[in-house]
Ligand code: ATP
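Single chain ahead, by itself, as structure tokens, in the form predicted on its own.
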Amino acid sequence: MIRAFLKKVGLLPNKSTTSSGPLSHQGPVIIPRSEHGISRTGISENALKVLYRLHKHGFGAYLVGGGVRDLLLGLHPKDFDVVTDATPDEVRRVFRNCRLIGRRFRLAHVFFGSDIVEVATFRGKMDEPSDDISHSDKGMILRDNVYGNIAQDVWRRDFTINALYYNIADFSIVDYTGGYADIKAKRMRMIGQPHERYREDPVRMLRAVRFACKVGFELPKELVQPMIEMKELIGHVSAARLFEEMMKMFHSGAAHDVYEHLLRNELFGELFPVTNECLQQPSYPTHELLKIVFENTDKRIKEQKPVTPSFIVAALLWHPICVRAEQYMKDGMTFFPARMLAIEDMIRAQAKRISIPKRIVQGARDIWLLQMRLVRRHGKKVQLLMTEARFRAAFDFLEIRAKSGEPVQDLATWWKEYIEGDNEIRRNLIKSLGQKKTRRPRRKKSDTQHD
């Protein structure tokens, strides 16, 4: 029965290579439900609905990628990707709550309220030129809508640990590449030659870092060395796509490890060039600031607390803003206009590499502007400042600046005592600044004044 099903969906002998050498199979290894630890209770209800309905309509339906990998590792994935032999148009006919997206890869998004289940069609071979596939002059894949079967799709994936298929028909795992054994051995391997695969899609360099850090695997030399050699290809990826990958990396729960790997493998400067310049200068504790921010982000994600992308952007560009403002001030500009101009300069400079949405930029801008306002503690203005929407984020940022080594510890301590104090403590803190409210002297009428 299983043999007949596998034949129907195209499970044929295949040959390929991984980053560790040639790989050959006489068909896939099928790991039955009794021999792996994936339970449907760990899969989202909406992903199961999509799988079951596709199967009911006669299509092959599988979970693939990070969701399968993470379930095997005992993690709790939030995203589940579905792959099928149904074309995007066929998926849309099955699901009324579906929208087709993408030009580079045509995908179906099935909506369940705010939850989206992404459905991809098996990709086919790239051996022959086609209007459905194209490359840039750098070898990057620009469009890839050649459809195939599971036996062809698997070799188009990037890493063996992401090339495992959970089959809803019998709850087995289909493994062509040895990915199941690699997960058990905590081993990262690429399907195909790293130089070629990175050239096809430079984002794979960032994905390699993210996956390794998220699951705690070591990045082998055969994956790292080509990154260093080909890092400039990152600059050819669209700014919008790099933003998506940035969010995944820094919200993965392993942001600090990702940051350290990006630095070590010379990729950080390709993503954040102005920040990387500050890391080379001793005038500001940029590395320490980012280290604290990313560690705090990981802690909040582990505790299932919300994280704010604006806060991360604020940290990444803060010291570049300070450096640029100092340059303007040396040219004779006063502090506030210099800082304002520097903020706009750095936002534009970063946007050339990563396209950050306006709402996130505005949140970061509010945090930067409040750093200046936190210095000015004048009577009632202190209380008004605490009503600002971004006040708490700005104060947290001030505390991190102090911890990183910036000379703002006294200011951070004052604000902490004010926030936590009662009315009497707050009055005394204002008085401790030695700022007396000055009144303009009343003008006296002169004895000689005439009507």
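From 1 onward, residues are counted along the sequence shown. Since the model is a prediction, treat every value here as computed from it, not as a measurement.
Same protein, other form: the form predicted in complex with this ligand, not shown, and the subject of what follows.
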Considering this ligand in the predicted bound form, find the one stretch among 409 to 417, 386 to 394, 41 to 49, 65 to 73 with heavy atoms no farther than 4.5 Å from it. 65 to 73
Answer yes or no: in the predicted bound form, does this ligand come within 4.5 Å of a heavy atom in every one of K78, R204 and R207? yes
Can you work out whether D182 and this ligand are in contact in the predicted bound form, taking contact to mean some heavy atom pair no more than 4.5 Å apart? no
Taking this ligand as it sits in the predicted bound form, is F311 near enough to touch it, meaning that at least one heavy atom pair lies within 4.5 angstroms? no
Contact test in the predicted bound form: K248 vs this ligand, heavy atoms, 4.5 Å: yes
Close approach of R157 to this ligand in the predicted bound form, 4.5 Å, heavy atom: yes
In this chain shown alone, the residue from R373, R300, K291, R241 with a heavy atom within 4.5 Å of this ligand in the predicted bound form is R241
Interface check vs this ligand in the predicted bound form: of H256, R324, K214, R353, the one with a heavy atom inside 4.5 Å is K214
